[in-house]
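Just one chain is shown here, as structure tokens, and it is the form predicted alone.
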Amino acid sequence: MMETAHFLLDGVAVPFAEGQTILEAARAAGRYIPHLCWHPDFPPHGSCKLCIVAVGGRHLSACATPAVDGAVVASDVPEINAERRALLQMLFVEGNHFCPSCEKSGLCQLQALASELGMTTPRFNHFYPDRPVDASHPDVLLDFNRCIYCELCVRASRDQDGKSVFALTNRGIHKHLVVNAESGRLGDTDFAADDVAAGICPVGVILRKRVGFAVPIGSRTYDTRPISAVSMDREEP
């Protein structure tokens, strides 16, 4: 009988099928690797770098790195988690993330990962970008202040909804999310509250109106359980 290919993840053997990435194989084996921009319905994006792992001395994105038989992979170790905390700290200061007053608190993957990884301080100076809120749509509010450039809404709107409502423009610290309408307003597009893109944002950019506090803060998904447990309970991140 042919032996199943596997790699070692933090000392534990993880089997994998041909073509699987480290992240996919780890999840299939019930092993959690932090991530924000990865989603099973789309090709690997590798933009957030929260799924970083060490393989043979190299730091690689687990979502985009193919599993290799016999590889030794480190994920839940102090060095890698410290790097993840630094990445989270940069995401927090690049936008305007004020968790106590955010409508997405308790449901936000960025907030939940910061809690999971013990991020207790922003460390870097805040950018405080000026990104006006777009309330032009009857059912959905856009708060651009919280965008982390994962492009999940861009990919979902383009590839699943067939509308291409969103895009990222510019580069570096000037990069930001835009709406593909001449006016730049969501209300001037065919975006709908039941679009896939409407529910895919891991932070608090895309918010449905009139339902923000239907579940009280303190009783929400990540208020009661860590993101590592919630993520492994379901197929999507």
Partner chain sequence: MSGEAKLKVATVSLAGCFGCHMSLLDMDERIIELLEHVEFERSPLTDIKRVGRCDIGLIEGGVCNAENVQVLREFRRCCHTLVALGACAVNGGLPAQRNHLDVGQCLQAVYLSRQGLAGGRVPDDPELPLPLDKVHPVHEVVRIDYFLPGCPPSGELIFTFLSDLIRGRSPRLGHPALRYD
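Quantities reported herein were computed from a predicted structural model and do not represent experimental measurements. Numbering follows the first chain given and starts at 1.
The form predicted in complex with the partner chain exists for this protein as well; it is not shown, and the discussion that follows is about that form.
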* in the predicted bound form, Pro15 touching the partner chain (heavy atom, 4.5 Å) -> no
* Contact between Ala114 and the partner chain in the predicted bound form at 4.5 Å, heavy atoms? -> yes
* Asked: Does at least one non-hydrogen atom of Ile217 fall within 4.5 angstroms of the partner chain in the predicted bound form?
  -> yes
* Is there a heavy atom of Asp223 lying 4.5 Å or less from a heavy atom of the partner chain in the predicted bound form? -> yes
* Pick from Ala71, Ala74, Leu141, Met119: which has a non-hydrogen atom within 4.5 Å of the partner chain in the predicted bound form? -> Met119
